[in-house]
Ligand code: NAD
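Below, in structure tokens: the form predicted on its own, a single chain.
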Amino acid sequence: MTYTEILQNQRDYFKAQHTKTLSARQTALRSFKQMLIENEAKLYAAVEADFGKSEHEAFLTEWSILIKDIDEALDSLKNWTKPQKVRTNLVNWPGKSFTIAEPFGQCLVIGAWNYPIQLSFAPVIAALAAGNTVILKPSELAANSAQCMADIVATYFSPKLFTVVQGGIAETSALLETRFDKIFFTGSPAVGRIVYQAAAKHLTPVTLELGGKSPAILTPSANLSVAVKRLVWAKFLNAGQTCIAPDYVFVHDSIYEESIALFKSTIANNDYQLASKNYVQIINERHLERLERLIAKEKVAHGGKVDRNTRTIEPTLLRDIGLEDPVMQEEIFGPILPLIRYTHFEEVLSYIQDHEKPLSAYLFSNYQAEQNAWLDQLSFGGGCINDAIMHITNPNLPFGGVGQSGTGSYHGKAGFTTFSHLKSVFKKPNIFEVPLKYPPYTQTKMDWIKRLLKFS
């Protein structure tokens, strides 16, 4: 079956109103949850085959997040789908005004490889909750996860509602030539531009979840041991292959050496290795080689070893990194953490402001003035004060980028909104008519209109 045929079947299914009712949406979400629960072990096995990722980490970063997304949607869907009353202005009195969140229709979700299950299925959950049909194109780089998702989705869902299409660049390009009502893409800014350009041909609305160099700042007022512990976990989770991982850390000169010592000891205590079931592989050889080129051997403070047989890189600290060094010119997306000395807080903020707006930003400081300046002066998708990554775990916080790091957001109600069009409706009764808007126009009518609108 061609993409055009699949999409036409979904279009007919949607047009027949099969997806829009509250009960239909709830049924789809319950089926999705059942699919995840009954195939939990298969999903864990798939991501382990792709990354060597343990069940513990797959549960935390993939499966459990999806279950919570579904539960949140099931608990809230009745309220989300209700018409929302808004105030009616005097000009339209008497009358009622309200908005209705209606589904776009046929949605294309293009998933990412780094968290292949979660980053593919989470937007699908939001799209189904909003009453759409979905074609999911998972990343071909995580091939085992893609095949697993295709297999289980085919068992639990009619392709008229939700189906998985596999393939690489050619298949994705063919999908993008087809007209959808909404496209959701997670991946790199470079590919995001291609998706945006393809969508523009059909004026299709797009949500882009991209990336960038997410900065962290470690100040003298921070609780140093706690800050380092949280930064190490956030950076080396999934071997650094996380779009919101701290990409580099500005460390104040007065605590620089102490911080390096703490980073080293924390990494050692965490025992990052495949055998310990708390570390993962780099996705493929190409990315392994790219990351290896970013490791300046003379600046390695810890780690730095590359094992091609296991496709792993030791958690690596780079010290005395300059802002013009190669590792600062691109998103790292791997287990390499540059530590940059700084003296003046304002200079750090200025550097971040002068570069592309990041997907995330992190500040470790207990000084209120620094927190205020960081919040006021920096633009970023989302972030944390005295923590890292954990903002993504709160469904009440919209997740998304700004500028080069993305457009739009999702998670919780934000995901429902992303896959919905907010339709505005004004309802007028027949019992009363204000004659002021109708001809013939007179000065008296104009005077009354100005009084009512408070122009005089």
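Note that residue numbering begins at 1 and tracks the sequence as displayed. Note that the structure is a prediction, hence the values are computed from the model and not measured.
Below: the form predicted in complex with the ligand, not depicted.
- Comparing 335-343, 189-197, 149-157, 99-107 against the ligand in the model of the complex, the single stretch with non-hydrogen atoms within 4.5 angstroms of it is 189-197.
- Checked against the ligand in the model of the complex, the residues A261, V86, I169, A369 give one hit for a heavy atom within 4.5 Å, which is I169.
- Residue A112 is the only one of A112, A222, A73, I352 with a heavy atom lying within 4.5 Å of the ligand in the model of the complex.
- Within 4.5 Å of some heavy atom of the ligand in the model of the complex lies at least one heavy atom of L119.
- Contact check for P123: no non-hydrogen atom falls within 4.5 Å of the ligand in the model of the complex.
- Within 4.5 Å of some heavy atom of the ligand in the model of the complex lies at least one heavy atom of F399.
- For the chain shown alone, E314 is not a contact residue for the ligand in the model of the complex, no non-hydrogen atom being within 4.5 angstroms.
- Of the residues in 237-276, only C243 comes within 4.5 Å of the ligand in the model of the complex through at least one heavy atom.
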